[in-house]
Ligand SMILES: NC(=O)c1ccc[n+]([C@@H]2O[C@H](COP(=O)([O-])OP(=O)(O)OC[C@H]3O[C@@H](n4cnc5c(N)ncnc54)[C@H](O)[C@@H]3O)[C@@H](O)[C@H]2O)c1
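Starting off, we have a lone chain in the form predicted on its own, written out as structure tokens.
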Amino acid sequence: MTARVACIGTGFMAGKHLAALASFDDVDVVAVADPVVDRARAVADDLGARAYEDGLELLATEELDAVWMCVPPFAHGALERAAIARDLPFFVEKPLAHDLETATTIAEELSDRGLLAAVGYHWRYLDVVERVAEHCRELPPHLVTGYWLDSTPPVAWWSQRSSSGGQVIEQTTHLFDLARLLVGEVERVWADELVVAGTDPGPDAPVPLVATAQLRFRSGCLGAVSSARTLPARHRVGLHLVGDGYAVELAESAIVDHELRITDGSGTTVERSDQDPVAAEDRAFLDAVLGRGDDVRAPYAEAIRSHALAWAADVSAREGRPVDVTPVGVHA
């Protein structure tokens, strides 16, 4: 069987997904959509697909087996509801939305419908992450430190909090997801941020320059995750875990895609991965859609817990108070 799929959005991450999809023998990318019409047409021409300006029109017109949604955070909601109304499985890039309410509503509708939906927390498909997860099961960490040290993306919507949700929700959510995967659930977060000088806090304020969040996990492990968008280019993104007799670092940088460092009593070992985790998550989702597999590692009902944690950190920083992380009432 050949799966008929479409992609809504033709930006950077959509390009990664479309490259993977185009490489699969059992996939036919039949349509793409983007309000930047010239870009949509160029991408469609390369794929032999149809181009749409409106994702909702695409969903109402095309006969599909699945759809990828790679849109800005503020654009979520109507697209997912349209797919749910058609019982159409979908893959959505993180973050799930620029807020929590939209994502929670979608999660509830998906749960009621029993519809397959996957989310792009692609680090979950790295072999180095699987190794760290096994290590943490044997020797649980006591301390976690994370860092997303980067530049400000050039797209206009990203720098406005009302559009992107902010760096913590739009980017650093990957680290919150990794921390949950490797350590477990967080019960409390206390965060702070540094805003652009002379700006008033509010929904239209610029994304903070830096932010940091302290975490207390249910296991007793302590954590701190920091974000910065002030650099000329990406410096380093990663997570450190420290336990009895060991330290582990999972990281990527401008020169290394994914690297694992383990320091213990025998010294330091370094492993680098050349895997393409985006292609791996796309393949796993397609296999699930086609009834050939069951390896969706970030279903929507799981991903919303990571989104809710990032949201709690953002609320804590904005409101200057600790926030208890309450479980999202949807089960994976």
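Please read all numbers here as calculations on a predicted model, not as lab measurements. Counting begins at 1, following the sequence as shown.
Here the subject shifts to the form predicted together with this ligand, a form of this protein not shown in this document.
Of the residues Pro72, Pro208, Pro89, Gly238, just one reaches this ligand in the predicted complex with a heavy atom at 4.5 Å or closer; this is Pro72.
The contact residue chosen from Gly165, Pro141, Gly146, Gly120 relative to this ligand in the predicted complex is Gly120, the criterion being a non-hydrogen atom within 4.5 angstroms. In short, of 126 to 134, 153 to 161, 104 to 112, 184 to 192 it is 153 to 161 that has heavy atoms within 4.5 Å of this ligand in the predicted complex. Under a 4.5 angstroms non-hydrogen atom cutoff, this ligand in the predicted complex has Lys94 among its neighbouring residues.
The closest heavy atom approach of Val248 to this ligand in the predicted complex falls outside 4.5 Å.
Taking the partner from elsewhere, Gly293 is found to have every heavy atom lying beyond 4.5 Å of this ligand in the predicted complex. Mapping the unseen interface onto this chain, Val5 falls outside it, with no heavy atom inside 4.5 Å of this ligand in the predicted complex.
Site residues Thr10, Ala33 and Leu79 are all in contact with this ligand in the predicted complex, judged by any heavy atom within 4.5 Å.
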